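Coming up is one lone chain in structure tokens, specifically the form predicted alone.
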């Protein structure tokens, strides 16, 4: 029997999915115990009790200075920036991606420019954004939008180009204008791809957000991580990193369920 033909049962899939997390957790607990045995005040790998205390302090106890519960205030600030940048990116990518994918003239005009822009490291633009737009919210949101938009445009354009030419010809035969073809033929078929490419860009979007918050911010998950690093507060940094990961995973899950709910036929296409 070849391994390529082996398909695990549902129970085995669950076991295999959980195993890497348990291995990492066990390795951390063992490493933490070893370091704390040598030095009870070690901050690099704090014990689980330290995490519990830090989570309680950050997530449930109001801050003495601001009166806010820091974890939720930071989360609200970061998610507002993240979703604002992503929203702008989605709107731009959808319009320009359809134009490049549908119209050969626009493809000749914009495709080389978008391809070149997509190769620019977005973090290299951060100082320019701070100089031009200031240190406020606009520069952080702009970095997220600039970072993910070109890749999304190229992906949506490729999807539009890959649509069978026969569909366009049939729509033209039935008297459809370019506008009608865009709305009734192209748009419904690239929207599921839009959600999928957005899922792939959630990770990079978080990267750009955290980088911007680390340099200049007064609240946010990235700001808090870089603020407490000077105190070697790993009991705060690790939970914050885990929380960011959970937020990203949750967003990915919601987007996937949204795609399946709105476009159930897209899931059938993936399984064929």
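Given the structure is predicted, the values throughout are model-derived calculations rather than measurements. Numbering follows the first chain given and starts at 1. Heads up, when I say rigid core I mean the largest set of C-alphas that superpose within 1.5 Å between the two forms.
Beyond what is shown, the protein has a form predicted in complex with a further copy of the same chain; the following relates to that form.
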I'd like to check something about residue 245: if you look in the predicted complex, is any of its heavy atoms closer than or equal to 4.5 Å to a heavy atom of a further copy of the same chain?
yes
Does any heavy atom of residue 55 come within 4.5 Å of a heavy atom of a further copy of the same chain in the predicted complex?
no
Might residue 126 be said to contact a further copy of the same chain in the predicted complex, defining contact as any heavy atom within 4.5 Å?
yes
Any chance residue 83 has a heavy atom within 4.5 Å of a further copy of the same chain in the predicted complex?
no
For the stretch 193-207, return the residues whose heavy atoms include at least one within 4.5 Å of a further copy of the same chain in the predicted complex, in the order they occur.
207
Superpose on the rigid core, then tell me if the C-alpha of residue 256 is displaced by 2 angstroms or more between this form and the one not shown.
no
